[in-house]
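Next come structure tokens for two forms of one protein chain, structure 1 first, structure 2 second.
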Structure 1
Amino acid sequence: MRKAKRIVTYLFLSIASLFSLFPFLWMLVSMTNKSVDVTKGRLLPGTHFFENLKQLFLTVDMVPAFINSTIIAVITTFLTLFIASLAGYGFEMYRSRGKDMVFNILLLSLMIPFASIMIPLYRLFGDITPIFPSIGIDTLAAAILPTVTTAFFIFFFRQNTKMFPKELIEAGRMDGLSEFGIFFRIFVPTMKTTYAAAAIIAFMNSWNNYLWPLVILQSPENKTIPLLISTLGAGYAPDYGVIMTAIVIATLPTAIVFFFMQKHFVAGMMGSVKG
């Protein structure tokens, strides 16, 4: 009886893992095959990878899109970490009734669906465009700005700040550090793990963001990777091998980030739900 239950468990988990992994395996294998072999259900690696890669770079502006996505994701990650950790620390370390109320109001923004603020945001950037063209519609700055401050990360840093030893702050004050000095010299270096976790999540969110860039970035040279991927295969006879190569390249950065920092990632997500 016990043994039978064990077998069912392993079988169930194995099937679930297969379902989870299969799209990855398929995309990796298809990247090395000709389009016609992909449609013929070939599940073995082929020798067509370099041809696909060449074709991809010849037909699609993969490099500029990659650069745009990288710029947006890196800047977004830095700004998110900076702004949210300042706020999380500020809310946790300097309590007052007013601030608790402000915090609760900020949390309410988590319930605001993006679709409902998309048009007003678009119009806001439309109003900014004639005055500051460099942060107006169709600029990378406009793609970045509304995404860098989210209540989720403020909440995340506030939760993690609870674990920060308060004695260090007293020590800092005794050494004559200013309040911001304490934050930058003591808090930031101590909380490296928290920052790493937040960086992974922020980078992934930004790298994979689709709707807002779709709305705000219009010219072809400003396209990001998700925008590019969504337009692939729109032609009459899509080249599946080439498309799969593009998708693998698009997934690689977040997959690498995840694999190297898996521990932080999981710890980070857990940190955000601890009471």
Structure 2
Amino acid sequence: MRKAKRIVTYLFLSIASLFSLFPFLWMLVSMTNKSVDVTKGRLLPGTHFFENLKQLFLTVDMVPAFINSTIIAVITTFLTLFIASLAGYGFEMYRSRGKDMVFNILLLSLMIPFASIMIPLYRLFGDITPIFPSIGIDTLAAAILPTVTTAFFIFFFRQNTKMFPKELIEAGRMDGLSEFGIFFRIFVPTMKTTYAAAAIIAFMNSWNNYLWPLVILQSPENKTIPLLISTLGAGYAPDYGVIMTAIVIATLPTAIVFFFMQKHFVAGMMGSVKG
């Protein structure tokens, strides 16, 4: 009975894994086929990968878009980790009057859709542009600043900070460390699994962000990878082989980041502070 149950479990997990991986496998196969084969649903690898790759680089300027997406994603991830972890640490470690009420109000912001604040944000950056052109409309800074952190990441770090041993903080204070010294020299190294999990989520969110860059970035030289891919499908007769090739290239950075830090991802999501 136990053996039959185990077989059913493995069979279910295998089928679920196949369904989960199928879109990615189909994307890999499609980038080696002609557009007409992709529309027919061909599931076998073809011989048109290099033709699709050549056509992609002839059609759009991938390198600047790749660099723009990398700059935005890396800076956004770094600022998100720094601000959210500092806020989460402060909310959990320090006592102050009304702290929980402020935190609950902060969590309410999760219910506000970004689309509802997009127009006010655009007008705000429009007012800033004549004064500080370097962070105004159509700059990478404008694409980064509204997304540097969210209430979710502050909540995530606060929940993980609950597992942090408070004795280490007292030991740091007894050794004469300042509060920032305790944070950077004790808290940050101890919570590296939490930082790894948050870094993966923040990088993926920023890399795949489409709506805000579409609104704020207007020059062709400032386009990001998602915006560039959307232009490939906007023609009268889109080449799906080329589009699939672009999507695979766009997926590589997030896959590399995930596989590089996957050992810490599960521990970080579980709230562990083990290295």
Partner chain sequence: MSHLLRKNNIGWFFIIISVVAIGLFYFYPMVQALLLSFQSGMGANLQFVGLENYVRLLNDPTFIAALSNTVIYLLVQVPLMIVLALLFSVLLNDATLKFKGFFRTAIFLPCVTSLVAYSVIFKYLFGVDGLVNYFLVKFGLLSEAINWLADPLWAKVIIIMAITWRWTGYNMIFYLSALQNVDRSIYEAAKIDGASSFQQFFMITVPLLKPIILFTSITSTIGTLQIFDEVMNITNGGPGNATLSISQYIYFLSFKYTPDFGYAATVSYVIVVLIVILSIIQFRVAGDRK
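Every residue number counts along structure 1's sequence, beginning with 1. So that the term is clear: the rigid core is the largest set of C-alpha atoms that superpose within 1.5 Å between two forms. Keep in mind that what you see is a predicted model, and the values were worked out from it rather than measured.
Of the two forms shown, structure 1 is the one predicted together with its partner chain, while structure 2 is not. Relative to the superposed core, A65 undergoes a C-alpha shift smaller than 2 Å between structure 1 and structure 2. Positional change of T39 between structure 1 and structure 2 reaches 2 Å or more at the C-alpha, relative to the superposed core. The rigid core superposition between structure 1 and structure 2 gives a CA shift for P23 of 2.5 Å.
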